[in-house]
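Shown here is one chain on its own, the form predicted alone, set out as structure tokens.
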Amino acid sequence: MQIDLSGRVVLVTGAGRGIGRTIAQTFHREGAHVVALDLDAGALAELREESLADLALTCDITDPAQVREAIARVDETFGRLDVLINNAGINAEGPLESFDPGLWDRVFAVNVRGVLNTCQAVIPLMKRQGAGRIINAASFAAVIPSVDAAAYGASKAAVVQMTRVLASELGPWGITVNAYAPGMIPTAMNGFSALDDAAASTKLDQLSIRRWGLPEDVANLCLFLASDLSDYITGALLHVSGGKFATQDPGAAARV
């Protein structure tokens, strides 16, 4: 049995760089029609030049009007939308005691309201089709948060709960809704690649599979969730974390 996504229309938010770009590349390789949304027009231009996106649209997902306009373009171009991958997100750190309320609101505007905006815009298309896949980026921070990262962790926990509610609300139309929780994948946002050897080793001791995650690990999970092979999976949070904290001290296995 093979995953067959040829001809599917797949929209990826935050597709211009990082994990989102890898997701777009992966779905393109599998024969899907990729719609890329991002704020960075330059990054979208690169996707177009490399023929990795069939439609690339500059869009601020915190603006419902811009999102509705983008989805209208998708409907006009393809007449359908099979998969929505809500990859876009931001982080902001600092102790809660002095955390800037405006920054808190910005994190929630992108990470939570942005997901709501895109879901609300695509649901009518998916209901019309009687099928669809919504895949939301959560985070391991939604499971175990970190000191000085309350805004990010709380926003991703909200995404998990939204995912569960949407799964039940949309199930009667054949639409599944799932979330994934990456563990430690070095990106420009988290700075893992800049850690010294000792700090990196301490981080890696949290993992059952003792290596950094790759963007491809996330993209491959998204492929599965977008495919017919995942028909009976909905309302789930799937970890793609290398078994992070599967036990209290995963690193102890390497020391036995």
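One rule holds for the numbers: they count along the sequence shown, beginning at 1. None of the values given here were measured: they were computed from a predicted structure.
The same protein also has a form predicted together with a small molecule, omitted here; what follows describes it.
Trainee: Taking a heavy atom within 4.5 Å as contact, would all three of V143, G243 and P250 count as contacting the small molecule in the predicted bound form?
Mentor: Contact check failed for every one of V143, G243 and P250.
Trainee: In the predicted bound form, which of 97-105, 75-83, 166-174, 130-138 comes within 4.5 Å of the small molecule (heavy atoms)?
Mentor: Looking at the other structure, the answer is 130-138.
Trainee: I need to confirm a contact call. Of L125, M184, V160, A149, which residue comes within 4.5 Å of the small molecule in the predicted bound form, counting heavy atoms only?
Mentor: Checked against the cut-off, the match is M184.
Trainee: Let me know the one among A70, V34, I61, C222 whose heavy atoms come within 4.5 Å of the small molecule in the predicted bound form, would you?
Mentor: The residue in contact is I61.
Trainee: Quick one: is A88 in contact with the small molecule in the predicted bound form, heavy atoms, 4.5 Å cut-off?
Mentor: It does: once the small molecule is placed as it appears in the predicted bound form, A88 has a heavy atom within 4.5 Å of it.
Trainee: With heavy atoms only and a cut-off of 4.5 Å, decide whether A154 touches the small molecule in the predicted bound form.
Mentor: No - in the predicted bound form, heavy atoms of A154 and the small molecule never come within 4.5 Å of each other.
Trainee: Any chance E50 has a heavy atom within 4.5 Å of the small molecule in the predicted bound form?
Mentor: No, no contact at 4.5 Å.
Trainee: Hey, in the predicted bound form, does H239 get a heavy atom within 4.5 angstroms of the small molecule?
Mentor: No, H239 stays farther than 4.5 Å from the small molecule in the predicted bound form.
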